[in-house]
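Next comes just one chain, in structure tokens: the form predicted alone.
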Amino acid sequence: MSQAPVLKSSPTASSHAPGVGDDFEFVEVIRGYLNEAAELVDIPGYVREILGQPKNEIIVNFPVKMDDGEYRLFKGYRIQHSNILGPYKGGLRFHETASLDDFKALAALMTWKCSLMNLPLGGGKGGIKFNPRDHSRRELQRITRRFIHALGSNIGPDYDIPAPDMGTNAQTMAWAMDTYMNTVGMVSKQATAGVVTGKPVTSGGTEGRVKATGQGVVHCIREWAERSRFDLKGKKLIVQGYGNVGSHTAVLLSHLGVSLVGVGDHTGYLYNAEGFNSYRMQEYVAEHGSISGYPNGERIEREDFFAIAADLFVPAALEAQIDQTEARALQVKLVAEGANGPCTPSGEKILLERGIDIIPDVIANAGGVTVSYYEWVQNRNSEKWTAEDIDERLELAMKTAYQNMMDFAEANGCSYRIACYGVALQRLARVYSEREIFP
């Protein structure tokens, strides 16, 4: 007799900083930024109301057979926020704290990023609530394929285009593309290669995608440094989260003479006054899955990490990591948000009052979606661009967006974050004005 699906309880671990309560609502924080920017842009009320909610909220529950023969029921999400500028675009996150509201916030952020970067794409986000580190490679493949199958025609190269995010990578995207090609996209398989981005280069991916988000962070830091007359050579960096974004940011900054002295992830925090070899640590994390056990550093507590005397801080982990306590402890000149929503509004307020600049997530980590767009274009046109092509296009796109942010901030006397929202909203409002509302 076949066994019934095993239903395991959902994890209750919080993704917030220790001082942030469970009443923190990321989606309301994002709506607050929208409303603040809307007052400056003076967009019509109906546009603000439309953008305050996603167009579609998709939840799927699907069973997967585990290696031990038992079945487990998984909950997956896909939030489609806006497609007024083009197909929905956004990552797939596999994480134990994933929730509907968080995906709603992250999908909205993608809408602002795509608009700010002048991409013909809208905002989406999704994923599965589970810890991928608890599963074998075989289980991860089955979970991914079953999730993509469950989404079915809710995604597609001209409709909704997922990409890697926390807990997923190029291999995940290869499984996703293959599953879609062999189910929904059976008629014209090659035309469906663009159903996801962030794929391995040999399977239709693009040069430069793996480092793209970190590269975008570095472009922003260089722009800030140049405008602030701040010499990066010899400066110190701390990074929270040493996955794809954090590690590539650290490696690229090391080429500019910046030394990584503090690093942390879900397993703890390390300090080295002389500086870590960021590339070797990247290799170590790729092999071991975390910084735990890395030999060349002193293990420190979380509060000690935030008190490290440095120049630059790149939070590249989860949202709501920098609240009031962390904001008061930081001894840096710049916070460049490699993660989505790492600063709470109260934490941001303290940082700005202390004279610490913030390059917000809306622009700082937009390099990933920008190069994802380049991959999508190559897939659609059956083209292959060189790494030099990608690097040149991304640098120009990031510099242009940075200048637009600065111009808006200076003209309206607002923070860089609200300036990013303002630039994005101006474009969205123009499109709504031109197209109007059907019928």
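Start at 1 with the first residue shown and count on from there. Please read these numbers as outputs of a predicted model, since none were measured by experiment.
Below: the form predicted in complex with glutamic acid, not depicted.
Q: Given a 4.5 Å cut-off on heavy atoms, tell me which of 284 to 292, 299 to 307, 158 to 166, 138 to 146 is the interface stretch with glutamic acid in the predicted bound form.
A: Comparing against glutamic acid in the predicted bound form, the contact stretch is 158 to 166.
Q: All three of G90, K125 and R209 touching glutamic acid in the predicted bound form at 4.5 Å, heavy atom to heavy atom?
A: Result yes, every residue of the spot touches glutamic acid.
Q: T111 versus glutamic acid, in the predicted bound form: is there a non-hydrogen atom within 4.5 Å?
A: No - in the predicted bound form, heavy atoms of T111 and glutamic acid never come within 4.5 Å of each other.
Q: Does any part of V369 reach within 4.5 Å of glutamic acid in the predicted bound form? Heavy atoms only, please.
A: Looking in the predicted bound form, residue contacts with glutamic acid include V369, since a heavy atom lies within 4.5 Å.
Q: Taking the shortest heavy atom distance, is N365 within 4.5 Å of glutamic acid in the predicted bound form?
A: N365: contacts glutamic acid in the predicted bound form.
Q: Flag T249 as yes or no: does it have a non-hydrogen atom within 4.5 angstroms of any non-hydrogen atom of glutamic acid in the predicted bound form?
A: Flag for T249 set to no.
Q: Can you pick the one in S115, Q215, S82, N340 that has a heavy atom within 4.5 Å of glutamic acid in the predicted bound form?
A: Here the answer is residue option N340.
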